[in-house]
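First, one chain by itself in structure tokens, the form predicted on its own.
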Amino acid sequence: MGKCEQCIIKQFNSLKALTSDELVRISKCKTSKTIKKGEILFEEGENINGVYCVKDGICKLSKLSENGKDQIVKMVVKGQLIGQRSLVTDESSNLQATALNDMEVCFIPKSEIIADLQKNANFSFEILKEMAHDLKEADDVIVNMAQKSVRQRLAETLVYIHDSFGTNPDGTLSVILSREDFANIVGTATESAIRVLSQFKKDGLISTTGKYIKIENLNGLKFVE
């Protein structure tokens, strides 16, 4: 199990604002685990009571709607923290976290990190900045749902995956999502997502091999109407 003070991942999130002594203490109480693809990290309604630091892998944060469909709110990647809200509120999680591929995560209990939040102003500020960024992203999602078509939202999702996670050596997107996942990200029926992806293929914007998707015209996707 690696030591927090030596871990390069902390440079990508709020933990970088902790002092060496604070990191050494946290390192002694954290737990590390591997989450297999498809496994649930935590359920909606669960009390997280701490934060997860993603050392490797990607997970989706989703919410179950009244009609029983998942709405994917965000994808969390290597270097990011999950559960920061649990540090400043006793509310249970309003989202479910599911691994999209094999993940390595470290869990830091709230009881250990809460003192740092109260004493270390730099750390508190970094947490605030990340939560403010999450709020901005949530606002953007709401606006996109209201103002953009399914075609535009799906094109944006493909561009986001390409820019954020890169491609395999053969040019296909490195993150494999099911057609249902794509539908749940853009807030539409699976059939609609399949239909739009098929249209993108006809238009020469993408090509597919099984579940793998390759972007053939990135600029074209950026200006889909």
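All residue numbers refer to positions in the sequence shown, first residue = 1. Everything numeric here is computed off the predicted structure, so don't read it as measured data.
Another form exists, predicted in complex with another copy of the chain; not displayed. Remarks below refer to it.
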With the partner left out here, check for me: in the predicted complex, does some heavy atom of residue 31 sit within 4.5 Å of another copy of the chain?
no
Is residue 122 part of the interface with another copy of the chain in the predicted complex - any heavy atom within 4.5 Å?
yes
Counting only non-hydrogen atoms and a 4.5 angstroms cut-off, does residue 63 reach another copy of the chain in the predicted complex?
yes
Is residue 138 near another copy of the chain? Define near as a heavy atom within 4.5 Å, in the predicted complex.
yes
Which residue among 195, 179, 69, 37 has a heavy atom within 4.5 angstroms of another copy of the chain in the predicted complex?
69
Would you mind checking 97-120 for residues with a heavy atom within 4.5 Å of another copy of the chain in the predicted complex?
114, 117, 118
